[in-house]
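As a starting point, one isolated chain is supplied in structure tokens, in the form predicted alone.
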């Protein structure tokens, strides 16, 4: 599947250890910035009960769901044991301070 990269703003639009929600035709995407300025994108739904991950607490390269404190790995979207499940992730990259989010071409058009 071919993807299209869309510009969603600058890295400074997201506070360190914070998140920004980006509405897409596929659903809301939570874009996270870690304390070391790494950026990750997951659909804004915890795999447990759909809690808004964008409102969770970012620590290291994980986010804790605000509803039931499930810890989701930002790199993979996988819940940390003993919990099981996975949040869908999207490719994201930073170029010259701009955050680019990958969406399937059919959706991004």
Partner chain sequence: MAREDREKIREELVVVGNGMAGCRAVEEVLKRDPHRYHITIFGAEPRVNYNRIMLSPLLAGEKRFEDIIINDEAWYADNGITLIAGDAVVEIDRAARTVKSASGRVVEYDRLVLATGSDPFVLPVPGAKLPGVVTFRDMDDVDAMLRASETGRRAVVIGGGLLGLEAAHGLSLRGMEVTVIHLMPTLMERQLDEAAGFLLKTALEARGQTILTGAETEAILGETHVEGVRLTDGRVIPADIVVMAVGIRPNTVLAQAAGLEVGRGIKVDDHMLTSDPAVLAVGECVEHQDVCYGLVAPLWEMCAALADALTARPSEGYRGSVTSTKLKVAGLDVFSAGDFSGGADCEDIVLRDAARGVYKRVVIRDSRIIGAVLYGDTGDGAWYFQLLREGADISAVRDSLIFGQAFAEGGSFADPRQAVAALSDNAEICGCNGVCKGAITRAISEQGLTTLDAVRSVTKASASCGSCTPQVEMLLSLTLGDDYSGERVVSPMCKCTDFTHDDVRRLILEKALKAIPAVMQALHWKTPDGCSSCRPALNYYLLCAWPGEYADDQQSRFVNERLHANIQKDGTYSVVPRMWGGLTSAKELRAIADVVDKFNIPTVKVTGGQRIDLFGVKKEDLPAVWADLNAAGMVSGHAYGKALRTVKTCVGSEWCRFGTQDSTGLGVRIERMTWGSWMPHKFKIAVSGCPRNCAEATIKDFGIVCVDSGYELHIGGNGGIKVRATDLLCKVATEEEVMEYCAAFIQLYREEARYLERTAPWVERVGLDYIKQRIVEDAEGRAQLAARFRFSQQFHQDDPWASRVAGRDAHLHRPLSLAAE
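Note that the structure is a prediction, hence the values are computed from the model and not measured. Residue numbers count along the first chain shown, from 1.
As for the form predicted together with the partner chain, it is not shown, yet the points below apply to it.
Q: Looking at the partner-bound form in the model of the complex, is residue 86 within 4.5 Å of the partner chain by any heavy atom?
A: Judged by the heavy-atom cut-off of 4.5 Å, residue 86 is well away from the partner chain in the model of the complex.
Q: Does any part of residue 16 reach within 4.5 Å of the partner chain in the model of the complex? Heavy atoms only, please.
A: Result yes; residue 16 sits at the interface with the partner chain in the model of the complex.
Q: Is there a non-hydrogen atom of residue 58 within 4.5 angstroms of a non-hydrogen atom of the partner chain in the model of the complex?
A: So residue 58 counts as contacting the partner chain.
Q: Residue-level contact is defined here as any heavy atom of the residue lying within 4.5 Å of the partner chain in the model of the complex; does residue 90 satisfy this criterion?
A: Outside the cut-off, so no.
Q: Where, within 59-80, is there a heavy atom within 4.5 Å of the partner chain in the model of the complex? Residue list please.
A: Stretch hits, in order: 59, 60, 61, 64, 66, 67, 69, 73, 75.
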